[in-house]
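Here you get one chain, nothing else, as structure tokens; it is the form predicted alone.
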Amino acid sequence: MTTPLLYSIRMRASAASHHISGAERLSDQERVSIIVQELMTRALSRGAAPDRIVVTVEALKGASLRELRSLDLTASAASDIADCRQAARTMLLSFGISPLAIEAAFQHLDDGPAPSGGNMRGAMIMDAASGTRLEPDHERGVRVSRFDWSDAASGEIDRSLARINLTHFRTKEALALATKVAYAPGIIAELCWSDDSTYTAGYIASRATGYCRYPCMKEKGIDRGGRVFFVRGDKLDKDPLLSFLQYDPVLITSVGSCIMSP
């Protein structure tokens, strides 16, 4: 039986060279045009009008597709920013990440991680001991690409998230990305909160603990945020990590648990 050819579809929207939004999908040939239109609509639906939208469609010829189960999701019911941030810090400490690195990560996300100010297209890679940034391009970051849900898993996760009232598309997309990142070689954990000024949620994710979502990691109206991938800098083999994050296709074909914590 011939394996159907998959296409990676990537969208990036920007204004005055500043990143506004992005999205990643995998598709068979029949649905490429439909998904391209969906991503174009999404790029134009943000509050800030983009002056540049780039959609890249790439055939994944010869690429080995990895199938994964999504991380278990636990959603915190905390409603206070200080409580959410303290819980996130405590979890990062439990992974052996130093207080210095944790505070450096929070500061970068609060201030805007790009050296020129503002947000980045991709993520930071940070040494878990020193807080030093290790990604090759500090202005762009590392963009995680080539991941998606299978049709069956997509429907199942929609139902699971709806049962705990998490119906915003960002939760589903972030869970998919966090699942791929958690399986990347050398990753200890991920810290993220959205750079969308209308969306305040964030999360800590790891293979050991799953995806822990916090509803308010910042005030509404703040358009700063991003992702930090924590690694052991003294033991890191950077090439396999970057290759997996950017190029290895991952399809999520089964769904972990989704629960709301007190």
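On a predicted model such as this, the values are computed, not experimentally measured, just so you know. Note that residue numbering begins at 1 and tracks the sequence as displayed. Between two forms, the rigid core is the largest collection of C-alphas that superpose within 1.5 Å.
The same protein also has a form predicted together with adenosine monophosphate, omitted here; what follows describes it.
Go through 189, 128, 177, 125 and name the one with a heavy atom inside 4.5 Å of adenosine monophosphate in the model of the complex. Exactly one listed residue reaches within 4.5 Å, namely 177.
Just one of 150, 119, 98, 160 has a heavy atom within 4.5 Å of adenosine monophosphate in the model of the complex. Which one? Of the candidates 150, 119, 98, 160, 119 is the one lying within 4.5 Å of adenosine monophosphate in the model of the complex.
Can you work out whether residue 143 and adenosine monophosphate are in contact in the model of the complex, taking contact to mean some heavy atom pair no more than 4.5 Å apart? Yes, contact at 4.5 Å.
Can you check whether residue 210 is within 4.5 Å of adenosine monophosphate in the model of the complex, heavy atom basis? Although adenosine monophosphate is absent here, residue 210 would stay clear of it in the model of the complex, with no heavy atoms inside 4.5 Å.
Do residue 206 and adenosine monophosphate share at least one heavy atom pair within 4.5 Å in the model of the complex? Residue 206: no contact with adenosine monophosphate in the model of the complex.
Using heavy atoms and a 4.5 Å limit, would one call residue 193 a contact residue for adenosine monophosphate in the model of the complex? Residue 193: yes, in contact with adenosine monophosphate in the model of the complex.
Given a 4.5 Å cut-off on heavy atoms, tell me which of 26-34, 231-239, 194-202, 64-72 is the interface stretch with adenosine monophosphate in the model of the complex. Result of the contact check: 194-202.
Can a Cα shift of no less than 2 Å be assigned to residue 21 between the shown form and the other one, given superposition on the rigid core? The answer is yes, as the C-alpha of residue 21 shifts between the shown form and the other one by 2 Å or more after core alignment.
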